[in-house]
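One chain is shown next in structure tokens, namely the form predicted on its own.
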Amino acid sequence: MSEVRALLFDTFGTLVDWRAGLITQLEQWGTARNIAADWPGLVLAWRRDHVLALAKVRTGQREWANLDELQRETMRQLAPQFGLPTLSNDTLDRLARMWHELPAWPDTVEGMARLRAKYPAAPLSNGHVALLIRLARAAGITFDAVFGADVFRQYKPDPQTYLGAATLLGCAPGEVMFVAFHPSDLEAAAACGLRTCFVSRPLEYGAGVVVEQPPAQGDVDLMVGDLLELATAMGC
């Protein structure tokens, strides 16, 4: 991988554990208000529906909106289905901001530090820049740059996100490696000429839950178990 000059990372699910983090925050929020609900079910539905909302922006079915706006809209629609009371705009804002404070996977902070000793590293996320800055600080992750969807006003897997980030890093696409758990994200990056690394995160959706089948050997440039293994493979 001597030709790789920089690294880009998917964030939700790849660097941070959104599922566990959101369940914990919602449980605490509900307990403080004497509200009980199927929090794990709500979190999975929230994730599912925000992906659908991203697609509407990407395909031009609705105007640009950042992730906070989309999370508020999807939570407003989901709340009655899970027996929650009517939520005020302030409450919806607070719930959307739960995505700003999520725990890193156990290997993320050390792995990122090792990788950054040799390579510039940045998130390429569907979150917006302000969200990603807060997320990184809360999780203890250090980046060299931050590429949120609002930089490009488009969401992955639109090609301008991958190609735009490579350009801003001063690299040709083939000089950038994109690291993610999600095969569809990796496939889109590879189609733009980026190198790709699949990192295993089997607990993203909960034990035993598989949303996308892992890529086959040869579909990506590297397959690793975590970021520590990636750092070793990259000579860091």
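Fair warning: this is a prediction, and the values are worked out from it, not measured in the lab. Residue positions are given as counts along the sequence shown, with the first one as 1.
Separately, the form predicted together with a further copy of the same chain exists; it is not shown, and the next lines address it.
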{"item": "In the predicted complex, the one of D93, D144, E110, E101 near a further copy of the same chain [non-hydrogen atom within 4.5 angstroms]", "value": "D144"}
{"item": "Answer option from V129, L163, M75, L84, heavy atom within 4.5 Å of a further copy of the same chain in the predicted complex", "value": "V129"}
{"item": "Any non-hydrogen atom of Y119 within 4.5 angstroms of a further copy of the same chain in the predicted complex", "value": "yes"}
{"item": "Contact of D158 with a further copy of the same chain in the predicted complex (heavy atom, 4.5 Å)", "value": "no"}
{"item": "Any non-hydrogen atom of L168 within 4.5 angstroms of a further copy of the same chain in the predicted complex", "value": "yes"}
{"item": "Residues R19, D49 and A53 all lining a further copy of the same chain in the predicted complex, heavy atom within 4.5 Å", "value": "no"}
{"item": "Candidate stretches 37-45, 169-177, 182-190, 205-213, one within 4.5 Å of a further copy of the same chain in the predicted complex by heavy atom", "value": "169-177"}
